[in-house]
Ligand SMILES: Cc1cc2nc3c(=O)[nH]c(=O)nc-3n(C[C@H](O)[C@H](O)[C@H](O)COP(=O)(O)OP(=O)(O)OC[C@H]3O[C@@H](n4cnc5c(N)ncnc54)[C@H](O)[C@@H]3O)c2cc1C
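Just one chain is shown here, as structure tokens, and it is the form predicted on its own.
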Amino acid sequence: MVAIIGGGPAGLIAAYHLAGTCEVQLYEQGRNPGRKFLVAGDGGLNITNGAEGDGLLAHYSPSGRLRPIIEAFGSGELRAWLEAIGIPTFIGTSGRVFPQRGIKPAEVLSAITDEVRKRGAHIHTGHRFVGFDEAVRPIIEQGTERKTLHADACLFALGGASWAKTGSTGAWADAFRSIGVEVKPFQASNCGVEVDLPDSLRPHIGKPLKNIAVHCGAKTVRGELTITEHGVEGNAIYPVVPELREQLAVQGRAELIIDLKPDLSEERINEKLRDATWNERPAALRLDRPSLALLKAFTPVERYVDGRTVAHDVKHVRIPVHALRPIDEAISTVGGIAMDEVDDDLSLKKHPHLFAAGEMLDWDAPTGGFLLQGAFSTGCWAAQRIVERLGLLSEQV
């Protein structure tokens, strides 16, 4: 028997692949599996990304450890699997992959759980992991009753520490530390950043700046950002959070450089401004009000009024960052079980009968479908390695 603890994407796909080979018992603490999956689908379920090969791997860290896992079950394999269980997908203009129009996130989750059950896996809800016994066997709590799981192998897919309302709190960390496993502290990832906003920007809170580029360290990301009450966030900010986190840890401060016109060179901007009066500059560059406000807020007044460096300043708006937003606001977290603690098959080196998958491992990826893809990939990989470990007949993915 194989026990799976955690009913998110990693746990569910592992149950799917294991169920055809052995007895599978999946334990989920909530009333239903996949609650965080449904929250991720609010506003459109971005289930993976159309990137493949090295283009897909480039978005993961540590890419070396994750390479065989992502290559074995990447975006193409995930889309084929979803198609096979009745969920066709399409690639959007941004490269993100969504279920076909009209298919709701709840329907995707229902299709997955139905297939898991059809293959013979048993899903137990309302069962919470509370620790290990002296033999390092998992203890599960249901209401006031506790039981020890006697399984040939156990796969943990308990998630990270973001979105606590879904049950993803990282509370499991102390139990793993108690059995000698290094669990790195959780930190926010894919989150907004804190910036001291001048009063002039406050009327623009909630407004997006579209088609901009964000530079941080050696990384550049195209997309958009939104001005928030605390600073900025958005799909152009989330991918540079690792660089910001490192800068903050090493220097105690960090900086974003915003290019408001990434499609124009400084020379082209100067050409557009050649015959424009001071008041005509925003219109000549097609700068909307939030973009203009951001430019003015982070450009010294004398420099802005002088105007001789406008072309450079439009492409180099320097924004000091003094912190990341809290974990509970983050889309995902880094931290969790150190990758050095797991073997290539994702079993714990100190306790080979225990496996881990999904966000509870210390890896990172940006939004855009990469997070869910990573959860599915690690769950599939761990399941197939368990099959091999137990000497069972593996099915074709």
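Bear in mind that the values here come from a model prediction, so they are computed numbers and not experimental data. Sequential numbering from 1, following the sequence displayed.
Another form, the form predicted in complex with this ligand, is not on view; read the next lines as being about it.
**OP:** Would you please decide whether K36 lies within 4.5 angstroms of this ligand in the predicted bound form, comparing each non-hydrogen atom pair?
**Re:** Yes, K36 lies within 4.5 Å of this ligand in the predicted bound form.
Original post:
Does at least one non-hydrogen atom of W163 fall within 4.5 angstroms of this ligand in the predicted bound form?
Top reply: Flag for W163 set to yes.
Original post:
Applying a 4.5 Å heavy atom distance criterion, does L155 contact this ligand in the predicted bound form?
Top reply: No, no contact at 4.5 Å.
Original post:
Using 4.5 Å between non-hydrogen atoms, is F129 touching this ligand in the predicted bound form?
Top reply: Yes.
Original post:
Which of S168, T113, T89, S189 has a heavy atom within 4.5 Å of this ligand in the predicted bound form?
Top reply: Result of the distance check: S168.
**OP:** Within 4.5 Å of this ligand in the predicted bound form, counting heavy atoms only, one of 352-360, 50-58, 63-71, 337-345 shows up; tell me which.
**Re:** Of the options given, it is 352-360.
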